[in-house]
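Heads up, the chain shows up twice below as structure tokens, two forms, tagged structure 1 and structure 2.
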Structure 1
Amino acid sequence: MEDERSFSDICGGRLALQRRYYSPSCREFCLSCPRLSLRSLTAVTCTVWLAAYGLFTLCENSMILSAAIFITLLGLLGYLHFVKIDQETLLIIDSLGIQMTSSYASGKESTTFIEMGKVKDIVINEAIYMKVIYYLCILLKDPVEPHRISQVVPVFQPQVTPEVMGDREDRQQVFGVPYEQAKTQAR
């Protein structure tokens, strides 16, 4: 079974969330972002190159133009390879664990696997980033003291609004048991 919903991120961009249910104990959530906008790419490139041309006319040094082109290309490659995420996937297998995969605009993929026995709880965390933003996090148990938290792992990019993955039904699905029972088991 599969369903798809559309949301907007905190900046107003469109996000698509696909939910795939392979079996009662195996589900996948896939969050897709729009591709890089040619308009924004052109605007940034023109701004950098116009500023470089302005400096060139003042200094009459052609190294400034060469440096602007070089910096623009390196910046674009860095942005595509390390920052711009096109798709994020969360695969949950109840008895095994949670696999998180991020696909970047350059084609790079980053995958993280968390064993289900290490999961203490899943919560909506809030952070202040010029305004309050909310994002889904997995709390991992401390191996020495199981009642303590050892690490907080963000799920999906922080610009996602709370309604994308933060309702009780989805938290229940991550644990595979009713929400109240999941809270009791996590403690």
Structure 2
Amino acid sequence: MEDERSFSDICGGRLALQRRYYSPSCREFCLSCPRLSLRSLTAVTCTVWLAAYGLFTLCENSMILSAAIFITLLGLLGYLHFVKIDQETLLIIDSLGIQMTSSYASGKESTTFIEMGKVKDIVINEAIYMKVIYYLCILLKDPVEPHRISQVVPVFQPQVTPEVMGDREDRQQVFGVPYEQAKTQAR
């Protein structure tokens, strides 16, 4: 069973949230991020190469041009491999745990699995980033003292946090289940 909704992120790009329902005990939420735009890529490349050409006319050294090409290529590869996220997936498996996968534009996938025994609660947290944004996060138990919280894990990366406006009920409905039911299902 699949379901798709559109949002915009905090910088204004378009996001698509897909909800998949595999079985009563397994759900997946898939957030697709805006692709790398050709316009910004062209703009950055042109700026770097113009600056390199300007330096070349001053110094008369052709190494600058080769260096600019290398820097552009390496910078683009590094950006695609380490920074640009294509898709983020949240897989919730009943009584096993929660898995978060980020797939980058270069194809790299980084996965984290949190066991259900370590999860204390799933909450909606507020943060200030030029305005107030709301993001889902998972509270982890402290291994030494079970009543304390050791870590707060945000579910989606800040670059792709969907901007959910509206009142509390709207925010709670983003992930398809109201807040209270999300807590029970995660047990």
Partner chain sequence: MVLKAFFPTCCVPVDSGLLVGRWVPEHSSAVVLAVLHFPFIPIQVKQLLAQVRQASQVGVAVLGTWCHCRQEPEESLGRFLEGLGAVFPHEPWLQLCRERGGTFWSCEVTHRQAPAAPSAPGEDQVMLIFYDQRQVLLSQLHPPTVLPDRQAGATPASTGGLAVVFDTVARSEVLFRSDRFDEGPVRLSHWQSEGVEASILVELARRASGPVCLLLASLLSLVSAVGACRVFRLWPLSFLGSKLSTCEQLRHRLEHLTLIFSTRKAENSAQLMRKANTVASVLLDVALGLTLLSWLHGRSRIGHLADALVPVADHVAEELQHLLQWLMGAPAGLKMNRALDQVLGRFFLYHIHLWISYIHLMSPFVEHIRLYCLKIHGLSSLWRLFRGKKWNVLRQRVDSCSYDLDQLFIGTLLFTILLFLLPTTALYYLVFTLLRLLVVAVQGLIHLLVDLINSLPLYSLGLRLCRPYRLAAGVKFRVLQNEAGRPLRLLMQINPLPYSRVMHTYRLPSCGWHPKDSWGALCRKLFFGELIYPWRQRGDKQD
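What you are looking at is a predicted structure, and each value in this text was computed from that prediction instead of being measured. Residue numbering: structure 1 sequence, from 1. Throughout, rigid core stands for the largest set of C-alpha atoms superposing within 1.5 Å between the two forms.
Peer 1: Just verifying the output here: the form predicted on its own should be either structure 1 or structure 2. Which one is it?
Peer 2: That would be structure 1.
Peer 1: Please state whether Ile133 has a C-alpha shift of 2 Å or more between the two structures, with the rigid core used for the fit.
Peer 2: Indeed, Ile133 is displaced by 2 Å or more.
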